[in-house]
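Next comes just one chain, in structure tokens: the form predicted on its own.
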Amino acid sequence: MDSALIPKGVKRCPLWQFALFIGAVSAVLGWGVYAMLLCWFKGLNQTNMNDYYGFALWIWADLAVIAIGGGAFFTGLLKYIFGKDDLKNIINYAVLIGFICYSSALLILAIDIGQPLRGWFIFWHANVHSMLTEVAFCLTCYFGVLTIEYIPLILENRQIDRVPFFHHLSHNMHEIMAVFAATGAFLSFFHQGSLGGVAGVLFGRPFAFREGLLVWPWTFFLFTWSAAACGPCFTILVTKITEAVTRKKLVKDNAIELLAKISGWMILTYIIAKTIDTWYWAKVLAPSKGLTMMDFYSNNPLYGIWILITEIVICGFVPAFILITKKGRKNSLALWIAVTLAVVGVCLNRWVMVLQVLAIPVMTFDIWAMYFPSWQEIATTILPVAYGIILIALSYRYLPVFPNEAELNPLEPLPVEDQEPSELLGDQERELIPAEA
């Protein structure tokens, strides 16, 4: 029965191996679910958040997965709106990764509010002056868009596709996918930006506060820019990890190289803008508040000046220069390094804009506030990772996520049910079959 659900023309591991793998990851998932239930039934006293850290590990994880999930909207924009047809080989996986990231972001928010039964207040009693309200609306709507984009992939399952209604529904949804891609790009622009805007309007936190254009601080545009730049790198990274685990070539090189090239130029332009922003903040904004740049960095290992150098130089300019060069993109090791650094860089940026902002003393009697998450926070942050691994494994096994997999692995023996009758015969028996004229 299991083999009848596997896409035609490809090979998968035995069911018992797959079940063993899913069981091991499900144990981690169960640990996270237990911690989540503790937070829901006992409250946020299960965390180590305090008067300094109202935003903590969860909000960092939320902003990080939203940023790296940006590969879905940007890849969809390139494929359906700008006509980059080479990306058709990776667009399914980009949508799947985006679906996982955004569903994880909504799950984290549901845990963070502490009272999930009142989550509907965000929509029914919306604070129209709050950027977080706009973020919640856009996140929910874009998750709906990703769900619509993911449904055709589910309908293409080998058995589901045999039902005429589902076959035609999937085909028709593919025909109008450009509309959803454009809608997703529009929604993503605003919620990515508003997450940055929340930090940029914190007048009482000079480390985060920025001036800007009209009602938008510069961080609004920097957050959107960084997500569009580094999100595709996460898509490439997960694709490469999947290829390494399955020991197969799953995506054509031209799709990977095109996405890497565009991402490289996006990272370069973003990191130049980020450098200018940092310089202006250090030379103009901070002094205007009576502070110096080094007032915002501590001698403790968590918030030292190293974090700025790592974000801009090591995780910014280095991956950008690798990805914009043809030689760098074609070198497997260099590509691995570049996309990994880019993903670390955007996650580090979100860490700084969530946690370092709150750690810096703003009153004369304040101290550098250190923070370490409770095990419940760690478990619920790992929970989406386990959930994502399971969904990727199930999708890879039963859905045609990679349309070129059979083509790229021609020497792979097909499952028995996929072979032609003549392929099941021995050499001597095959010789007895008359050749067709």
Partner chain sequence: MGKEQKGPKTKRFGMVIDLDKCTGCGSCMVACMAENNVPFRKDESNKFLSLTWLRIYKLTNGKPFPDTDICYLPRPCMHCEGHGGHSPCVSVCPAVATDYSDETGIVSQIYTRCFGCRYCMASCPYHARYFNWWDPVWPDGMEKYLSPNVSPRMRGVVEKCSFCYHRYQLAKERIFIEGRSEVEEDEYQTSCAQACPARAITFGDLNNPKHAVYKKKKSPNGFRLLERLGTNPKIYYVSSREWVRRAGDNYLKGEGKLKESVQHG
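Positions refer to the first chain, counted from 1. Just so you know, these numbers come straight off a predicted model, no measurement behind them.
A second form of this protein, the form predicted in complex with the partner chain, is not displayed here; the remarks below concern that form.
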Task: Any non-hydrogen atom of Tyr52 within 4.5 angstroms of the partner chain in the predicted complex - done: yes
Open item on the list: Taking any heavy atom pair closer than or equal to 4.5 Å as contact, tell me whether Asn409 reaches the partner chain in the predicted complex.
Closed with: no
TODO: Indicate whether the partner chain has at least one heavy atom within 4.5 Å of a heavy atom of Trp279 in the predicted complex.
DONE: no
Open item on the list: in the predicted complex, is there a heavy atom of the partner chain that lies within 4.5 Å of any heavy atom of Thr47, even though the partner is absent here?
Closed with: yes
Task: in the predicted complex, the one of Asn331, Thr325, Thr275, Thr292 near the partner chain [non-hydrogen atom within 4.5 angstroms] - done: Thr292
Task: in the predicted complex, the one of Ile91, Leu341, Leu146, Val198 near the partner chain [non-hydrogen atom within 4.5 angstroms] - done: Val198
Task: Options 312-320, 234-242, 355-363, 74-82; stretch whose heavy atom lies within 4.5 Å of the partner chain in the predicted complex - done: 355-363
Open item on the list: Suppose contact means any heavy atom within 4.5 Å; which members of 123-157 contact the partner chain in the predicted complex?
Closed with: His125, Ala126, Asn127, His129, Ser130, Met131, Leu132, Thr133
